[in-house]
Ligand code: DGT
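Take a look at this single chain in structure tokens; it is the form predicted on its own.
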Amino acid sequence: MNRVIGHLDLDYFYAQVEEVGKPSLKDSPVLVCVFSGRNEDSGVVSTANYKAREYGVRSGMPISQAKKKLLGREAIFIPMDHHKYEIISERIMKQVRQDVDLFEQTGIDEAFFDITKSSEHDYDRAKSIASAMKARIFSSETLTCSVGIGPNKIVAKIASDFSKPDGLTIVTPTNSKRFLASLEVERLYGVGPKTSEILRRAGINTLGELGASSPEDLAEHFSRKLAVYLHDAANGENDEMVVPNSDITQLSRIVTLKRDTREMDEILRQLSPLVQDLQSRLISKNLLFKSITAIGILTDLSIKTKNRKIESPTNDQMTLDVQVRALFQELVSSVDLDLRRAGVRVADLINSADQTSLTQYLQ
């Protein structure tokens, strides 16, 4: 079937929100950061605007390193205000959801959508829908976004990243393979540094070269499942559906610890206000969670997580506290390094109004 799938990406979202709030920032390098509180240079860059990126600043870079790259520039370093960004994201995503056939939010600043029916399988009509979507977002929030349209999720996501910021890239089924061919292998969703290194050692540098490799040859380096995925995706083939989700897919909070540590009491003490805030947010939005994840960012900046499913959906504070303690005990015991940052994410959210109470069967 000739599907029409889109991917929406809000351009340098956190930093752009700050620019909108204070337009005088637009001509300066702007960095939204997570400060640890240890000293003024301690922490990491979460998002940088394009002016800052011109000097080599990237997300995840230590603030101290970013300051060295921007030495002599009038750079603006802003503490992250996650609550503000969530509110704006929720408004945008609610608006987009109403304009498409199927909607799947995958992060605070991105989402997939299916407009096969509303576009009547026509990519010119799809372009008009996407253009109108971009215009409405800019009109309501003064924010630009980049949109990619393609025959599947893989192509749509690569297309949304092809011409940023404020881009709109349309890739039809007949030209998707040609569109992908010259791109570096790192542009393919799921190809990280390790996979990229293996591919390049095998002489595979572009998606065209990857698509021309047989799954059997690729299986010499990867699992059979990954080999087939890499081959098919590089040729623009993917049948993953857009799966509708709730207005909010997950909630999370993270804190940079006052010092690197493995001590459970210290980690939990600093996490406690964040966990309480999560529970308050769940209650205010009438949400229950079905899974919970402990997140640890180690001193080498690697990320370690532990998660589990909850037998019965809940937003109970005691359940949260018990699960957070148990998961962090597992996490800390599984690593040798200290934690630099710690966080909690609740996901698989459902509206409490949709959850049938078991008490009705006991009456």
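Given the structure is predicted, the values throughout are model-derived calculations rather than measurements. Counting begins at 1, following the sequence as shown.
Quick note: we don't show the form predicted together with the named molecule, though the next part is all about it.
Look at 305-313, 290-298, 331-339, 44-52: in the predicted bound form, residues with non-hydrogen atoms within 4.5 angstroms of the named molecule sit in 44-52.
At the 4.5 Å threshold, heavy atoms of residue 326 stay clear of the named molecule in the predicted bound form, well away from it. Using a 4.5 Å cutoff between non-hydrogen atoms, residue 109 counts as a contact of the named molecule in the predicted bound form. In the predicted bound form, the named molecule lies within 4.5 Å of some heavy atom of residue 10.
Within 4.5 Å of any heavy atom of the named molecule in the predicted bound form lies no heavy atom of residue 73.
A single residue from the set 59, 65, 28, 317 has any heavy atom within 4.5 angstroms of the named molecule in the predicted bound form; that residue is 59.
Checking 121, 84, 285, 164 against the named molecule in the predicted bound form, a heavy atom within 4.5 Å turns up for just one residue: 164.
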